[in-house]
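One chain comes next, on its own, written as structure tokens: the form predicted alone.
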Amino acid sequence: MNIESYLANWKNRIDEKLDEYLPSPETYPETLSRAMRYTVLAGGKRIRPILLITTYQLCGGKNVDEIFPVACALEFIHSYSLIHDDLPSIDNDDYRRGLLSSHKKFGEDIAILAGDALFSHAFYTIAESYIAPKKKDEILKTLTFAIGNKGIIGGQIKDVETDPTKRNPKLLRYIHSHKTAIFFSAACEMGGILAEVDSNIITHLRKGGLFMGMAFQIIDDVIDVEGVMEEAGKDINSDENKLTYPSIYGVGHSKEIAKRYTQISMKHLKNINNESDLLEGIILFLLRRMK
């Protein structure tokens, strides 16, 4: 299977569902609706929802239409985090996905509220789905853990607080594993939960997703050093005052670490079934973003 075509096809289907689940531009208050739609529909690879759908199907799930609300909720939460990360008080990035950041387009006040609204809308979308109550409870437990104080927000806090001049590998791993990787892990794990696989497979999904997310973030760190804005879709060298893998290990060794994490991820995900090479294709696609 051509992995680029696979990703493009699912991205198109997810984009259609995102448009469907978002408020229309005319929904009152219109400014908020437009701001919510602006960041979500600005582009993006849709990797997290694609991972959820792919793991769900590889684990034997048959009803993709039923789980689309969960897949879209992941993208709403991801978009909320991007809006808030780009704010002047955090990363101060003017561009995202090749377009003006939300706060540059709408102002800081509207951007903050649009992020808040997307966060809330994610859980409303899941609540309105037809997923069985028991499975809904399990995925909500996994999701809220991944994005709360022990997950994304916890990682973001340490990222904001950290003095980048202090080379602390342990703290760097904490930031990357919580700020980015745990959300990849949750997406894979939730796919297994929705497909009702056993706990052994859930463990492999969780660990495989985590190492995939670690590799993904290291690759992003490398691209921030080596890339150009047209390729990255955001400001380049925006991480120069942050603790990153290149800042501690250098670009070359960071690439080797990303490759090693990729191999560990694939080792875990190969335990799903004989067609798990599809996940391997996604991982290798992400790795190829590095030059």
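In case it trips you up, residue 1 is the first one in the sequence shown, and so on. What you see is a predicted model, and the numbers here were worked out from it, not measured in a lab.
One more form of this protein should be noted, the form predicted in complex with a small molecule, which is absent from this view; the next part is about it.
> Look at the stretches 199-207, 73-81, 100-108, 163-171 and give the one with heavy atoms within 4.5 Å of the small molecule in the model of the complex.
Going through the listed ranges, the match is 73-81.
> At the 4.5 Å heavy atom threshold, is residue 127 in contact with the small molecule in the model of the complex?
Close contact is absent here: in the model of the complex, residue 127 is far from the small molecule, nothing within 4.5 Å, heavy atoms only.
> Spell out, yes or no, whether the shortest heavy atom distance between residue 44 and the small molecule in the model of the complex is within 4.5 Å.
Because a heavy atom of residue 44 falls inside 4.5 Å of the small molecule in the model of the complex, the answer is yes.
> Determine whether any heavy atom of residue 216 comes within 4.5 Å of a heavy atom of the small molecule in the model of the complex, and answer yes or no.
Judged by the heavy-atom cut-off of 4.5 Å, residue 216 is in contact with the small molecule in the model of the complex.
> Could you tell me if residue 132 has a non-hydrogen atom within 4.5 Å of the small molecule in the model of the complex?
Residue 132: no, not in contact with the small molecule in the model of the complex.
> Give a yes or no on whether every one of 85, 147 and 220 sits within 4.5 angstroms of the small molecule in the model of the complex by heavy atom.
Every residue of the candidate spot has a heavy atom within 4.5 Å of the small molecule in the model of the complex.
> Only one of 152, 112, 195, 140 comes within 4.5 Å of the small molecule in the model of the complex by heavy atoms, so just point that one out.
Exactly one listed residue reaches within 4.5 Å, namely 152.
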